[in-house]
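The chain below stands alone and is given in structure tokens; this is the form predicted on its own.
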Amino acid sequence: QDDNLPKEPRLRDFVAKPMGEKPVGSLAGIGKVLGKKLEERGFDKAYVVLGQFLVLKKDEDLFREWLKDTCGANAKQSWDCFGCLREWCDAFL
């Protein structure tokens, strides 16, 4: 097993390929409930959330606070989503 790959299956699956048109719910930490809240606010695709992550300059505190304010993500959910986007950026940017 490659120790550089994320351990969590959803995160590993997400980071393994380009983002394309993946739905927002495909992000680690974002399930159906948070995904629906994000969609209602215009963040319907993973790449739209990535855009916000980049606008916030990949800053952990700012992004996690934004996610909490935008869709009510708890600490674990926001950490998982932040980690997912950070890993994806490390792999593809």
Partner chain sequence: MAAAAAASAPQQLSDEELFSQLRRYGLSPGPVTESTRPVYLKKLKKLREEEQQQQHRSGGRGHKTRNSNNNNTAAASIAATGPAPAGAVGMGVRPVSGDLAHFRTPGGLGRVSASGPENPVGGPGGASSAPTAGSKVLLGFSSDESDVEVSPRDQAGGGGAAAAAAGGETGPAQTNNHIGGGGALGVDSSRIFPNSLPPSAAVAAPGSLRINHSNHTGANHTYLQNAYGKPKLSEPEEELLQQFKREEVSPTGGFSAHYLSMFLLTAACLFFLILGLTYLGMRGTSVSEDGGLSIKNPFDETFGTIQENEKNLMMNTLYKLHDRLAQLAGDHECGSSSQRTLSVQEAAAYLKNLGPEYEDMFNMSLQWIFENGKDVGIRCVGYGPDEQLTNVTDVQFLQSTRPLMSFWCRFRRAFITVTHRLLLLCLGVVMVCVVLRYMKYRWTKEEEETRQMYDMVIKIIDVLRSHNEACQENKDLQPFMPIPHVRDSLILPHDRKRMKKIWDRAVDFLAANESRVRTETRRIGGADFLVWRWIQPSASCDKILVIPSKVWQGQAFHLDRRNSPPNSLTPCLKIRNMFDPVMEIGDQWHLAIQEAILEKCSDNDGIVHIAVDKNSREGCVYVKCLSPEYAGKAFKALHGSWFDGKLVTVKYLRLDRYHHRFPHALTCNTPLKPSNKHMNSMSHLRLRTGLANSQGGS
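Just so you know, these numbers come straight off a predicted model, no measurement behind them. Numbering follows the first chain given and starts at 1.
FYI, the form predicted in complex with the partner chain isn't displayed, but the following is about it.
Spell out, yes or no, whether the shortest heavy atom distance between residue 21 and the partner chain in the predicted bound form is within 4.5 Å. Contact with the partner chain, no.
Under a 4.5 Å heavy atom criterion, is residue 52 part of the interface with the partner chain in the predicted bound form? Flag for residue 52 set to yes.
Can you check whether residue 59 is within 4.5 Å of the partner chain in the predicted bound form, heavy atom basis? Residue 59: yes, in contact with the partner chain in the predicted bound form.
Answer for residue 40 alone: is it within 4.5 Å of the partner chain in the predicted bound form, judged on heavy atom distances? Residue 40: no contact with the partner chain in the predicted bound form.
Suppose contact means any heavy atom within 4.5 Å; which members of 10-38 contact the partner chain in the predicted bound form? Residues within 4.5 Å: 11, 12, 15, 16.
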